[in-house]
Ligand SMILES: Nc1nc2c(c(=O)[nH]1)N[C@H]1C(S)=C(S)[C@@H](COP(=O)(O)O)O[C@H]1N2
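First, one chain by itself: the form predicted on its own, in structure tokens.
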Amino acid sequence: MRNPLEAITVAVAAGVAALAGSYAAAGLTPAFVAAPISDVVVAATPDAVVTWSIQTLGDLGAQLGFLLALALTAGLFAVASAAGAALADRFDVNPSPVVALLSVAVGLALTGALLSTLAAGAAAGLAVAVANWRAGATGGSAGGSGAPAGDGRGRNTRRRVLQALAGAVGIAGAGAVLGSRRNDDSNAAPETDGEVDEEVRTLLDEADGKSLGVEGIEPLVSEQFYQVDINNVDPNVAREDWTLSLTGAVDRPIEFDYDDLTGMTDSIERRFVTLRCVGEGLNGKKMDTALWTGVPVMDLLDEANLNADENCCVMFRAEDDFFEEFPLSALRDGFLAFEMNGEPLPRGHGHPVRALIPGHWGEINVKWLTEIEILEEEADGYWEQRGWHGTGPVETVAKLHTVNHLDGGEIQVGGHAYAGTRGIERVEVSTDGGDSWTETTLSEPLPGTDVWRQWEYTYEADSSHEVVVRATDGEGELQPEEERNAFPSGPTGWVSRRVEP
């Protein structure tokens, strides 16, 4: 029998290799063997832990959850590899093909994706072969019998352990490189057949011209748009395979495909829309703007002849099993987007079609949309079931994201302000901790009803001071001063920052 340390090390090496092999073939797509384990981890995490993680750890919480899923997946393949090695021992055969076959069986059970699981099995078998390469036999697991005794056995154990570790590192490295290349391909927006639409180009140029050009803050059309999902591995939906079903309380259920949607030429609109994450910190950076191309939701619903009460509700469902409910009245200005800044939606932003519901928190703007169900009575959405109330109107906020010390000795502060469909009327800054207030310079409004504005203020100071910023929305309501955490309805308060001259 093999040394327990040797057996465990070889099994773990094979498990890591299987994970790397699948990643090399599939990247971060649903075919990756860790994807279903990650879904289980997300679903099994208690609501209180999710809330704590969002507010305390932010993106790190999701990353730690995915690392746990990777470890569990590697462990599952390690168990399969150990079982394969034990089986090979029993029948005195080479363990590599046995481990490979069992690993393929595990992969197929997890994802059903043949190429990904074949790569996982091949990598696991290779890891075992590397561990046994030129090592003296210690039984059937080494491909023979008649182990040498004493120091020879110990040397063979050390050799296998070191070779197993080296093999796992090498296979993992190669898998990381190949998988990353696949990620670049799958996450990129699908190629367009021609140039960016002239109207889109005109609107983007207009936004560029209206940006204040303040160093340290995003332009009016964001260069790096934030991304938040319930899953760690996004769906990978081909537009030719996509359909949208209208179901529930309708006279006639109906289904649209991608060509149906993009072919509604009389309905196509371009809209600047800002999205803000309900779980972000008060001065966080999960708030961005893009120019979206799509069609009004009501143009689709009119074809289905709604019979639900005006005051009832709608459930949007997505390819990743996310679902969110909100009042039917919110759909009057709802929008189904299939382009972002003139290009087809990137995978991470809901390719091929996502929802945009003006004035609501980002979570309700469902990505990878596959079904719109008209409900006859209220139901909780995904985040409502976890205690959040993000389907209400967004809170007014003015963010302070940059402090620039200019060449002339002046100080420039700036950021963005957003109040959903209420718009921003003005932003004020205090440089004395809130004792006095001065109106800032605002960027010219972009076309649209649900768009942020930039603000900027330049002044002189010769001592340490506290800068406070607040916004007034288009209805004349001042941003709430009372500080409130993100849970359950989004953060509130005035942003402040200590500034040194």
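Remember, predicted model here, so these are calculated numbers, not experimental data. Start at 1 with the first residue shown and count on from there.
One more form of this protein should be noted, the form predicted together with this ligand, which is absent from this view; the next part is about it.
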Going by heavy atoms within 4.5 Å, which of 93-101, 395-403, 272-280, 414-422 lines up against this ligand in the predicted complex? 272-280
Check, residue by residue, if 239, 297 and 338 all come within 4.5 Å of this ligand in the predicted complex, counting heavy atoms only. no
With the partner omitted here, the residue among 384, 320, 371, 218 that in the predicted complex has a heavy atom within 4.5 Å of this ligand is 320
Pick from 156, 132, 365, 289: which residue has any heavy atom within 4.5 angstroms of this ligand in the predicted complex? 365
Would you classify residue 82 as touching this ligand in the predicted complex, given a 4.5 Å non-hydrogen atom cut-off? no
I'd like to know if residue 227 sits close to this ligand in the predicted complex, meaning any non-hydrogen atom pair within 4.5 angstroms. yes
If you check in the predicted complex, is residue 409 within 4.5 Å of this ligand, heavy atoms only? no
Wondering, does residue 349 line up within 4.5 Å of this ligand in the predicted complex on heavy atoms? yes
